[in-house]
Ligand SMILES: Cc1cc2nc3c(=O)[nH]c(=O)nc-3n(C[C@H](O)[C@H](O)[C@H](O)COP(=O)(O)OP(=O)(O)OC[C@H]3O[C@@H](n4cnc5c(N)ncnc54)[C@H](O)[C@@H]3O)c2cc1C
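Only one chain comes next, encoded as structure tokens, the form predicted alone.
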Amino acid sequence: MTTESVEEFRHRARAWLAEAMPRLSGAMPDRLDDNRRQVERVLQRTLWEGGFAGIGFPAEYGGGGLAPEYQRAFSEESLPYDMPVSLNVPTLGILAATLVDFGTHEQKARHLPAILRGEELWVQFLSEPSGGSDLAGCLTRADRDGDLFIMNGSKIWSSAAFVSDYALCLARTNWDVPKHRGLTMFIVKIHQPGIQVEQIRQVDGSMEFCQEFFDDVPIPVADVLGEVDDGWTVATRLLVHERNAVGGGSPYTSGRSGGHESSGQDDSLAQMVRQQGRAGDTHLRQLVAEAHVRGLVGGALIQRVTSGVSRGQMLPSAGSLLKLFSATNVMRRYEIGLELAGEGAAAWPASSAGVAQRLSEATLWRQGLSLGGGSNEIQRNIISERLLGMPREFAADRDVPYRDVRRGGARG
């Protein structure tokens, strides 16, 4: 156990960052193309070699084994530097965190050091083309064949699967029990025979989301994460990690987070208003102030929830508070940004792209945060049922063997 105080750690991190990491020049890159992914792998390796990769991960598997306040101090010091932040979500904050919770010693020893070195990027294979928000209504199947499971089906909306190495994939292994009880979580190597990955073009021109097709893919039994037919337990914890990571409250992510970005964006908004010569406009000043206050509230909420969960004062499902606030806050911030930018968000000279362009492009995908990791409506259900103790919603398929559940007007 370290005898180094948080402040001593902070000073050591500050000196190392100044010496080892490149400083940011302008905004963080928006497009996560192949070249940027490779840059971030190198940056992650630099963190590993400096002893600052996976600060909150178990020391036994290459991490720092330190408390969340050490990670928070490092992230604050790293804000002026180019960091491998796209590895935070989903690789570090969601998938590696779930591996810590449920992996066998062999699984963690095989994958966690490689993840922390930047050698493995991970993604989650959860959503399905016909599933909507019903994650437990999984139709991708994995049938046991000796020491293997044979997987068939399809997953969709998988972020950057085309450049990722491994996935956690939820598949149905038992059709004779209710839907939540017949699922298993698998560790899947993505680029292998039988798996086809197709990129999906989005409205903003990006192609980060993917759809995957599985055709008799062999998965070793040793790559089951958790217990066979108990994948819903793993998936539930994975979603807790996702909501914490997206909401800015994960103890496993390093560098910028939703919380840091939320609290800092109003600075660029204020700068944009000044550049327009409208700093004296009372209404615009109120909008900038609202963005600033929302950032402060988001930061305070992150600290309150992460502290409450770590001390056992709040349930892990309190991460839905972070996810819901982050999603609604992002929507409002972009509404404010577009109003401040005015016509500058609709057209700009090719030689002078700036804050207005970024606002315009980001607006095209702003709705995504209210969907990924469970929609806002799902978060409200979780908050009402698990945090406030309100009655659960009616479900016609509860306690019904999944093969008898009607889907699309027919049984399975």
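Residue positions are given as counts along the sequence shown, with the first one as 1. Treat the numbers as computed from the prediction; the structure is a model and nothing was measured.
A second form of this protein, the form predicted together with the ligand, is not displayed here; the remarks below concern that form.
Note that among 178-186, 288-296, 131-139, 324-332, the stretch whose heavy atoms approach the ligand to within 4.5 Å in the predicted bound form is 131-139. Scanning Phe209, Phe102, Tyr166, Phe214 against the ligand in the predicted bound form with a 4.5 Å heavy atom cut-off leaves one residue, Phe209. Among Gly344, Gly64, Pro68, Gly372, the residue placing a heavy atom within 4.5 Å of the ligand in the predicted bound form is Gly372. Taking the partner from elsewhere, Thr46 is found to have every heavy atom lying beyond 4.5 Å of the ligand in the predicted bound form. Remark: Ile383 does not count among the residues lining the ligand in the predicted bound form, judged by a heavy atom distance of 4.5 Å or less. Within this chain, Tyr252 is remote from the site of the ligand in the predicted bound form, having no heavy atom within 4.5 Å. Shown alone here, Val85 lies farther than 4.5 Å from the ligand in the predicted bound form, counting heavy atoms only.
Residues of 147-174 placing a heavy atom within 4.5 Å of the ligand in the predicted bound form, in sequence order: Ile156, Trp157, Ser158, Ser159.
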